[in-house]
Ligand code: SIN
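One chain follows as structure tokens, the form predicted alone.
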Amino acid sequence: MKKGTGVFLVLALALAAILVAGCGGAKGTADSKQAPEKIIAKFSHVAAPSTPKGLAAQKFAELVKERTNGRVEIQVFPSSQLYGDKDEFEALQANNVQFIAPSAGKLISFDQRFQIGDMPFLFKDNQGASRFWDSEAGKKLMKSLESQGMVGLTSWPNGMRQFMNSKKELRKPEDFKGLKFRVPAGGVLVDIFQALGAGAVTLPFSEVYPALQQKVVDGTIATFDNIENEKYAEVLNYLTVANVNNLSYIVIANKKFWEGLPSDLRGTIEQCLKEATEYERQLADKLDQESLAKLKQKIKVYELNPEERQAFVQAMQPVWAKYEPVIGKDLFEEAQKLNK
């Protein structure tokens, strides 16, 4: 009887060991097969897919998918498909989207100093604008967005803004009197046209073409590339190449989303964004010149000579005097230094 009990006990212990080992093995197998949770981020913007911003956003998404082996997917929504100018900031702050790329001038409601991007005749070209935004002064300005739940990451230049209208050729400041122009935001752009004796109307990007077509406004201020892609030449007849100011987009992320990314993934995404930015900047210059060449075949294009441009510079002095105290002399001086 004792012997039988001993054998039974040994067999029971052996069976228990097998069961425990089996359970542990099954658990280990399940854990090893469990893939990291996929992160999906939405990138909403208002421009057409074929613009430098549209192509760069798509490039960014492709790089992120490749470099993270699909762990992060950035879904790009161009042409105001999700949100327009009026509500993209609210959507970003609510984390309904994780990335947007508005023009610098649209950030003035968060920090008035962002008006530096719209100052007339401060930046001479795309490269000069990018040098400013990449500088410590530019990065410090972007950092001011963090108190609003947003993180400024980089700048994507679109080009130098030019004057375009349906009424007449514009060669001197006096030619603007009585005309009405669309602007993307208030502040500096409104004052530019007021200094020229013209009116300014703030309209969302998606409403510009119908406003021009229906003669709600006589003209607009835009880059060559935007003029070409948005088909403004169908409704406007005259383009004046003046290099008024630089249109740069600021790529912004939702702060909670950005800081919540695992550090390894965030580093990878930052590198992808850096490469997408280099791609965008080269593309902006290339498409800018291609668009100008196309526009010359469709409408009347007049390029200001140095003397004529200087007359506009003089006309803008009241605008400079008004905004320097608001933006800060230090930012003005940094921008001027980087644009010599």
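Because the structure is a prediction, the values reported are computed rather than measured. Heads up: residue numbers just count along the shown sequence, starting at 1.
Another form exists, predicted together with the named molecule; not displayed. Remarks below refer to it.
- Distance criterion of 4.5 Å from any heavy atom to the named molecule in the predicted complex singles out 247 from the list 141, 247, 100, 150.
- Residue in contact with the named molecule in the predicted complex (any heavy atom within 4.5 Å), chosen from 165, 162, 130, 226: 226.
- In the predicted complex, none of the heavy atoms of residue 89 sits within 4.5 Å of a heavy atom of the named molecule.
- For the chain shown alone, residue 106 is a contact residue for the named molecule in the predicted complex, at least one non-hydrogen atom being within 4.5 angstroms.
- Looking at residue 184, you'd find a heavy atom of it within 4.5 angstroms of the named molecule in the predicted complex.
- The named molecule in the predicted complex comes within 4.5 Å of a heavy atom belonging to residue 85.
- Residues within 4.5 angstroms of the named molecule in the predicted complex, judged by any non-hydrogen atom, belong to 47-55 and to none of the other stretches in 64-72, 303-311, 47-55, 277-285.
- Shown without its partner, the chain has no residue in segment 250-283 with a non-hydrogen atom within 4.5 angstroms of the named molecule in the predicted complex.
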